[in-house]
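Two forms, one chain: they're shown below as structure tokens, one block per form, named structure 1 and structure 2.
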Structure 1
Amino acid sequence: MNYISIAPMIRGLCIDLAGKPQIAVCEPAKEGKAPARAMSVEIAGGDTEETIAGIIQKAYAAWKTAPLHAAPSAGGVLIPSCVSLTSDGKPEALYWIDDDLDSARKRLAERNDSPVTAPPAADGRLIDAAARASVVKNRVALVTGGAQGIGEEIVRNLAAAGALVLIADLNLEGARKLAEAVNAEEKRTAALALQVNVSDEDSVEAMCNAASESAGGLDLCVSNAGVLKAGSVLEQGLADFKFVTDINYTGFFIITKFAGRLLKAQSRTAPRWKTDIIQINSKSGLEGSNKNGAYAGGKFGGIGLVASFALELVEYNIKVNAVCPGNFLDGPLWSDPEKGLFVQYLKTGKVPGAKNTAEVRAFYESKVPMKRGCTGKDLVRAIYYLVEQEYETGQAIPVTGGQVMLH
């Protein structure tokens, strides 16, 4: 294992101690000694993930009693702000740790290895009102397809709520521009840009490695990247069908494979910390969609993956759920004047008798009891619910204005 893949376990230890999110910034080892108050972790090249987790926990037990540290206040917990990793006797990396990315980066720049004392993590029976108001604060959230459309709305909402958001998109330039805008609005480093092709394993693995190196791990993975090409089963080409399925269905498998590995490693040292993988599915994954089989089929399959992955990954405190929103009628997917669904559905005759896009829109609005399309705020509230709700996994939550109801 390399130093990047070990970062989630270092971060996990600090999360377990603090009972709240932490950021761990990786720095490849340099010449010279490790900082005096750093926690030292020594591993061997052949050590397994489980073995390394045990080594990290033993290293902490030894470090916290070192005479360099002042005793924590009554009931307090000592948390390292710097961890030094050595592999087979060779310095590998330093991990600089703090509550948020800017603070962790400042520690690195200043070489500030002073430990932090925090109150012990509490397990209470009462709901913490303050925690409800900051459900994603300082959590590391990854959003695929985050540079535009509904992905952008998810990114902006998570950042405004205090998360560090990794904007992953095939359109790297768009992700960078959005990250710059979000950081300016939030007046902190609230977003980072990553490039990814969700249908390519190497690309997704590189994205997850970048998340580990830049922040130490993840707390929330929102698998949002999706595409749609409408067409009759009697006429649609196989290439179009495969394109939609590769992104919407296979892409979710690949995202879960690599994000799940990262979250599993983190759980080795943070066994009480629950993390989330959330697929942005669709109402079309609950009821089908006329002349839209590639999209609906992939979304139906996605719900099957959600339920199956949830059963497997619960062992590592990873919750896997789906949000099934109704139609985002005001977003570019629907409203783009050239490629939007209003145009596509008009051309394919999906709405019988419709003569223009306004009539197509009216047709879809008439199907919703609340008489409007879904919005980013509607969707993000469901995401917050799933993150906060520790006792739910394998679910597909409708957010459809009553168009599709639970049964």
Structure 2
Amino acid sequence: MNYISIAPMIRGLCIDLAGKPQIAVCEPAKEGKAPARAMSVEIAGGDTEETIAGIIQKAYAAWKTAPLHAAPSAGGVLIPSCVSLTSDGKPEALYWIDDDLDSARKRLAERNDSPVTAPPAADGRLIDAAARASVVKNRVALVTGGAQGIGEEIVRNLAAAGALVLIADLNLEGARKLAEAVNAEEKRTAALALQVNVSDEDSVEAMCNAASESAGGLDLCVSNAGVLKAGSVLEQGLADFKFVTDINYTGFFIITKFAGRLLKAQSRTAPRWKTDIIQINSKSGLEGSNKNGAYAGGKFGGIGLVASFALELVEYNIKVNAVCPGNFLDGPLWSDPEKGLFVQYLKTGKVPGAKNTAEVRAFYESKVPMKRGCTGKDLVRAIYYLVEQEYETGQAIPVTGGQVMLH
């Protein structure tokens, strides 16, 4: 058991007591520096996640009922801004708690351990459609493949709605650039960049540890990274088939394995707090795709994984769902002027009679009953719905303008 594993338990406890998300930032212990502390937890003797969660809960209950920290009469909850974990009486690790990353970091720099007052827990009222984006305010979200395309749209929208977004991508440079742009736009630390290869277990585990260390855990994990290599079943090489499947299908298993462990640890001390894993699937996960079997097969399989993982993880209040977008025609996959599908389909004559890329695009738009491609806004509405909807799991939601309908 290391401290990165304990961070989500502390955050879990705080979000549960406060009824709203709290961010816990971990600082490794420094030799010879006894911290000022608002709450101290002696963890000697605890060696499993379960026993340590119990120790933290007990210490918190004792802290909360101490006269100095009794809940204020206005109905809010006083939570400590600083929790230190000790082993054998020696300071080992510190967690600074606040409802946004910048505030938590500021407290860390100032070593300010005065308690935070959190508002009373949400009263469960329905949120109207216009305010739906508020469901992600102050929440910690991670988006794989977030550096460009659909992932970038999700990152920008979540950040604008008030979330802290971890942009996890194979392309670290791209993720960094986007994080900088988003932070400048939002005038706060709204995004952080992480490198990950979703088809590699060690890499995904390191990514989840980084999420734990920098924010204390996650509320929402969007498994979006995906690739496409079309090809005839009669001709496609096994290496290409495996490349697509390793990222789109196996990658989702790996992401759910490690993000699920993190969310499960949070649920130990916040058993009522609901969290989400959302796979960005595709309309090709709902109907076959000609000469594109590796992609469609992996996406169909993704829906089977979503339904199965949902059954298992519901015990920890983790919802697992998929969103199935139609063609995102404005993203680089379609619109890149050199490698995009519009150019490729024009060159290979896939759209009979098309003389330029505008005509290729018009052909694909005409297939959609709503006559346009899918946008980032369309997609995040589905994500907000899934986060807001507490009574649904294991579902696949089409966002295709009517192009694909459920049977």
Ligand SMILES: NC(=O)c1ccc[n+]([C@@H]2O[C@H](COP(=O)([O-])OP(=O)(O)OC[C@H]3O[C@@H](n4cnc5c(N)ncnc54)[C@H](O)[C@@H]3O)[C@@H](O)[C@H]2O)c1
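Throughout, residue numbering runs from 1 along the sequence of structure 1. For clarity, a rigid core is taken as the largest C-alpha set superposing within 1.5 Å between two forms. These numbers come from a predicted model, not from an experiment.
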{"query": "Structure number, where the criterion is the form predicted on its own", "finding": "1"}
{"query": "Yes/no, Q57 Cα shift of 2 Å or more between structures 1 and 2 with rigid core fixed", "finding": "no"}
{"query": "M370 C-alpha shift between structures 1 and 2 of 2 Å or more, rigid core reference", "finding": "no"}
{"query": "Core-superposed C-alpha of T48 shifting 2 Å or more between structures 1 and 2", "finding": "no"}
{"query": "Distance moved by the V360 C-alpha between structures 1 and 2 (core-aligned, Å)", "finding": "3.6"}
